[in-house]
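Consider the single chain below, provided in C-alpha cells and representing the form predicted alone.
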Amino acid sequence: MKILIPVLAFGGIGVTAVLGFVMVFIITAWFGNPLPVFGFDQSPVQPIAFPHTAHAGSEQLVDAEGNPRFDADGNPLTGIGLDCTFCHRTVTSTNVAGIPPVETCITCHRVIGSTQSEPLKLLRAMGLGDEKLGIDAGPIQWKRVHRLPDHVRFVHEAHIRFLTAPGNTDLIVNRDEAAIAAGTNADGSVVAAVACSTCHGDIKSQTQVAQVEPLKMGHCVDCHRKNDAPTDCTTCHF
C-alpha cells in the first residue's frame, strides 16, 4: 500500500499534465495557430528548398549557422529583391495568387546558381529532365502552407487592390516602411508586394515559408470591421 500511494500520485500528476497539454493545444489551435508539435509547425518541408530570403529579400544572406555568405571574390551575397508578382502572377487579377510552373524557375536557374547546389541540381532535373537520375521533366509538387476551408471564398485581387490604393498603406499589417517608400507610385498607390505582409508576414525574411497569421474567421471579420468592409455571410462563404 505504501508503494501504491506514490505510484498513484505520480500517475495522477502525469495524467493531469497530459490533459493540460491537450487542452492548451486545442485552445491555441482553435483561436490561433496550433503549438508547433507533432508536425503542426505550419511550415512544411518542401520538395525543393525555396528561400524567399534569396529571391524576394535584399539583405545579405546567411548560412544555416547564421554566418554571412560571400561569393568567390569575397563580395557579400544578397537577395535579388524580386517583386512577389514575378512568380505569383495572378495575385492582382484573380482570386488565387498562383504558383509558378517549374519552367519559370528554369528560365533563371538553367544557367544561374551553383552547379554543386543539391536543391538546384534537383530543380534542373525536374525542369529539364535527367535520364541519369531517371527523372522526367514535370511539375513540382509543392506542399500547401496556407489553407482555408473549402466553403470559404478568398479573393486575392480585391484585398490587394484595397490595400495598395492611395491612402490605404497605413492599413497594411506587418508593414515594411522601406518597401512602402520604394514601392510607392506617383498617384500614391503602392506595388502589390508590400501588401502581402498583412496576411503572410515578412515573407522575404523566411528561408522556409511558414504561416504566421491565424487566418481564422475572427481574424478576417475583425479586419473587415476595422476597414468598413462587408461582413455578411455571403461575402466569404459559398
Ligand code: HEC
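The term rigid core refers to the maximal set of C-alpha atoms that superpose within 1.5 Å between the two forms. On a predicted model such as this, the values are computed, not experimentally measured, just so you know. Note that residue numbering follows the sequence shown and begins at 1.
Below: the form predicted together with this ligand, not depicted.
For the candidate set 76, 139, 119, 166, a heavy atom within 4.5 Å of this ligand in the predicted complex is found for exactly one residue, namely 119. The shortest heavy atom separation between residue 129 and this ligand in the predicted complex exceeds 4.5 Å. Residue 112 belongs to the set of residues with a heavy atom inside 4.5 Å of this ligand in the predicted complex.
Within 4.5 Å of any heavy atom of this ligand in the predicted complex lies no heavy atom of residue 134. Contact annotation for residue 182: none of its heavy atoms lies within 4.5 Å of this ligand in the predicted complex. Along 133-172, residues 142, 143, 144, 145, 146, 147, 148, 149, 151, 152, 153, 154, 155, 156, 158, 159, 160, 161, 162, 163 each place a heavy atom within 4.5 Å of this ligand in the predicted complex. Relative to the superposed rigid core, residue 178 undergoes a CA displacement smaller than 2 Å between this form and the one not shown.
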